[in-house]
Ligand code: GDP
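One chain comes next, on its own, written out as structure tokens in the form predicted on its own.
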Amino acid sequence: MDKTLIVTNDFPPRPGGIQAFVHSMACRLDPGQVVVYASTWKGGQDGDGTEVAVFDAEQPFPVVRDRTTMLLPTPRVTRQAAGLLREHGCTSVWFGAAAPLGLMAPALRRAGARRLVGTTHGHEAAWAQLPASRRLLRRIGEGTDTITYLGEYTRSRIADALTPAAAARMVQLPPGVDEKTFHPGSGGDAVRARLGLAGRPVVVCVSRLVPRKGQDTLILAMPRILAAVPDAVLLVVGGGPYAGELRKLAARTGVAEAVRFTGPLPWEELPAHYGAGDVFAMPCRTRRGGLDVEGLGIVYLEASATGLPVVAGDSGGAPDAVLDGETGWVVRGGSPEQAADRIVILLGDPELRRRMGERGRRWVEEAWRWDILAERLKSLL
């Protein structure tokens, strides 16, 4: 692999799925052949950049932080990226998110890059729907050698905005799952004991608390679930801006005693919290006329790796992360009735849960391991 400059807004310690994706891929490349150019982050408990500095120092490759918290393809940022490319002798570039950073591709090619790869997520599919951003996406496709996509949903929408030649060069590159971290023995029993859930049927949802993810749909489904499984509990794992509304909804719906909120958790505690569930459910839905959509839903695959059956919403690319009827089911996003019906069936059938969980685990091992997907990225670079 040629030496690669990774240009990205999405990089830890800033939290998020794209951040984890880019970092996990970077860590599976040859550390001597990687340089990261990223925005900075003022979050964390200190807010003064200390957390970022400590994180960067622990990485096996150089991380160069821009002074801004949001990299945009401005002349200054483009000059900085071109300077890093030449300084470190990089001949390939990976844009952690193609839009908008991929607009720098022509300038970086002039600076010496021979291979340029832009990775798309969910938001590029939304870009493809609006005339102005659609034109920019087309330029990104023309300037890069390859645009990657998460699954068929995002591919079809993004390809429609590209030239036929750029669309033909698209390659699937989804995030992977660490099957050694997410596994059936991840520590769920200890979490159940600590939360006082031992012996109770547990529906778990691990995700950021925002309206699209569908935690509200699960809360609205709980009366129907409790009518069939009276001791069931919904374990809502994660933090986010929707947390307060969700707590109020649980109280208004009369199910507050059957809904547990963990709040934000460090990443290393998530595998055990998946393992605390009998069923994983995140009935995500598409919002804002298709502009707020699920790109893939790696949480379904992490749950499958943990041996859980999954109930997914039909938003965007979420169905790409489920073998419907084999590893779980896809329901209409925003339908408490459909979510409840599938969850009740799973809670009442241990053999079905076992069969779907085992099939999901095998699927992750066959197709979604990080090492398989990192080799694909290496070949593109």
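Just so it is clear, the model here is predicted, and its values are computed rather than measured. All residue numbers are counted from 1 along the displayed sequence.
Beyond the structure shown, there is the form predicted together with guanosine-5'-diphosphate (GDP), which is absent from this document and is the topic of what follows.
*Asks:* Do Gly238 and guanosine-5'-diphosphate (GDP) share at least one heavy atom pair within 4.5 Å in the model of the complex?
*Replies:* Yes, Gly238 lies within 4.5 Å of guanosine-5'-diphosphate (GDP) in the model of the complex.
*Asks:* Give a yes/no on whether Arg115 approaches guanosine-5'-diphosphate (GDP) to within 4.5 Å in the model of the complex, heavy atoms considered.
*Replies:* Judged by the heavy-atom cut-off of 4.5 Å, Arg115 is well away from guanosine-5'-diphosphate (GDP) in the model of the complex.
*Asks:* Taking any heavy atom pair closer than or equal to 4.5 Å as contact, tell me whether Val206 reaches guanosine-5'-diphosphate (GDP) in the model of the complex.
*Replies:* So Val206 counts as contacting guanosine-5'-diphosphate (GDP).
*Asks:* If you check in the model of the complex, is Leu265 within 4.5 Å of guanosine-5'-diphosphate (GDP), heavy atoms only?
*Replies:* Close contact exists here: in the model of the complex, Leu265 approaches guanosine-5'-diphosphate (GDP) to within 4.5 Å, heavy atoms only.
*Asks:* Does each of Arg212, Tyr274 and Ile298 have at least one heavy atom within 4.5 Å of guanosine-5'-diphosphate (GDP) in the model of the complex?
*Replies:* Yes, each of Arg212, Tyr274 and Ile298 comes within 4.5 Å of guanosine-5'-diphosphate (GDP) in the model of the complex.
*Asks:* So which of Leu270, Ala243, Val259, Leu84 gets a non-hydrogen atom within 4.5 Å of guanosine-5'-diphosphate (GDP) in the model of the complex?
*Replies:* Partner contact (heavy atom, 4.5 Å) among the options: Leu270.
*Asks:* To test your reading of this chain, name the stretch in 155-163, 94-102, 141-149, 298-306 whose heavy atoms come within 4.5 Å of guanosine-5'-diphosphate (GDP) in the model of the complex.
*Replies:* Result for this chain: 298-306.
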